[in-house]
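One chain comes next, on its own, written as structure tokens: the form predicted on its own.
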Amino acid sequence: MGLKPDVIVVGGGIWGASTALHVVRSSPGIRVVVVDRAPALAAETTGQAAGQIGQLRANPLMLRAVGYTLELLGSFRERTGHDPGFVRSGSIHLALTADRMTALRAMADRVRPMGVAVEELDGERARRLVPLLEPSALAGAVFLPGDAYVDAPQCARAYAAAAADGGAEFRFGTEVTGIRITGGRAVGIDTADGPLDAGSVVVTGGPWTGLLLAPLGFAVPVVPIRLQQMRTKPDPNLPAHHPVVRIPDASCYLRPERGGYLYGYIDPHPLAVDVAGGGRTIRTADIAVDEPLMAEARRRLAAVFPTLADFGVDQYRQGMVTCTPDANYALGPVPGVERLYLASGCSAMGIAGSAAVGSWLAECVIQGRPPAEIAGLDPARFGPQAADRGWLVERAREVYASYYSLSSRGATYGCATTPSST
């Protein structure tokens, strides 16, 4: 299968592409091969992501991660020649209750000292940014002009193209059947096409990361949760400046896409997906449309966007979100195996943190250890409890359901204030 690579990345989504890019940028000359069973880049969960990059975060680590993604992508096309589909739209967070507005003000006060611009808006100013909005429904709003969104598959392709410019290789349609371990050290992978040796292995396999690492005796503390979204037919009056909109009191979000409105709903009774269920591996395409769930999303949005339903359905979109018990990434070395690293558990922050994830994993493989700042993301932080599937599923479902909750164990938009054990 050609020259032996220095680094194998298993998983051709946005995190795998970002990892390849950061490795070749950090250490030119390192041979990186990204391997995926899918026929093309970003063909699974990345292709279903909403791509929102927002800075209203309680966790300083995640705020820095999002800031780095914004910084990298803001000049990516000019610096690399590859367009990530980056739109600096800003984001508006709508409060439907006084309690929510109090919480938004507190969140704004936390991020302003870290250099994040936040403006408080009344209903009429909000409507100037979002014309479909019914301002009488609001208790207030905050606007972050520096926020953005991307077309997630396009962003992954841009990362990959820039990585390929630096010498990285991408192999699709290649089924990985196992991680090869010799003397307690990762030395490569087994594939349906034969073995491939390497000095380090990184697994960014999304919902399927646990399947790859289970034979090694390590329970990845991640549960895939079903994702449902919908895009409307185009609105001929949709303004070019339309921001990302979050309506946490309705557990919904909305942004422009292909001339219409893409919106999603945080299911209060989320469905955990067993990707190995039924004796076969579940893929993203196997997730069924739940039209009643999206009808509930439309109902919840109706108070704020009463004419949204007039545009009709252009596309239903389904996928999976990987969640950990504390809503923080699982990222770092696999315990007991040298030179083997993983990243999973995006917890609905996969695109927003994609640049930082690639940078952290690159440091892992180049330095042989994770950066100190991500010690709290250690995949082994839950100890033996991570092997309790019932506990893991219960906590992951709770994390997802309470993403926008005002009372979710100190969480703010899904991510705990400080990464820690539960």
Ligand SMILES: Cc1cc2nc3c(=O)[nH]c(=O)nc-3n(C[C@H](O)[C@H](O)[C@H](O)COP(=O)(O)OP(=O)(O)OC[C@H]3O[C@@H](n4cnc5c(N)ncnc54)[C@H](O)[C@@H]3O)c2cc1C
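Just so it is clear, the model here is predicted, and its values are computed rather than measured. Just count from 1 along the sequence shown to find any residue number.
Not pictured, yet referred to below: the form predicted together with the ligand.
**Student:** Does the ligand come within 4.5 Å of a heavy atom in each of 44, 176 and 204 in the predicted bound form?
**Tutor:** Yes.
**Student:** Partner absent here, but in the predicted bound form, which of 363-371, 28-36, 389-397, 376-384 has residues with a heavy atom within 4.5 Å of the ligand?
**Tutor:** So the stretch in question is 28-36.
**Student:** Of 341, 208, 305, 261, which residue is found within 4.5 angstroms of the ligand in the predicted bound form when only non-hydrogen atoms are counted?
**Tutor:** Partner contact (heavy atom, 4.5 Å) among the options: 208.
**Student:** Work out which of 359, 52, 59, 55 lies within 4.5 Å of the ligand in the predicted bound form, going by heavy atoms.
**Tutor:** None of the others qualify; the residue that does is 52.
**Student:** Does residue 20 make contact with the ligand in the predicted bound form, using a 4.5 Å heavy atom cut-off?
**Tutor:** Residue-level check for residue 20: no, no contact with the ligand.
**Student:** In the predicted bound form, is there a heavy atom of the ligand that lies within 4.5 Å of any heavy atom of residue 328, even though the partner is absent here?
**Tutor:** Although the ligand is absent here, residue 328 would stay clear of it in the predicted bound form, with no heavy atoms inside 4.5 Å.
**Student:** Check residue 91 for me: does it contact the ligand in the predicted bound form (non-hydrogen atoms, 4.5 angstroms)?
**Tutor:** Close contact is absent here: in the predicted bound form, residue 91 is far from the ligand, nothing within 4.5 Å, heavy atoms only.
**Student:** With a cut-off of 4.5 Å between heavy atoms, is residue 319 one of the residues that contacts the ligand in the predicted bound form?
**Tutor:** Although the ligand is absent here, residue 319 would touch it in the predicted bound form, with heavy atoms inside 4.5 Å.
**Student:** Can you tell me which bits of 348-382 touch the ligand in the predicted bound form, meaning any heavy atom within 4.5 Å?
**Tutor:** The stretch 348-382, when checked against the ligand in the predicted bound form, contributes 348, 349, 350, 351, 352 at the 4.5 Å heavy-atom cut-off.
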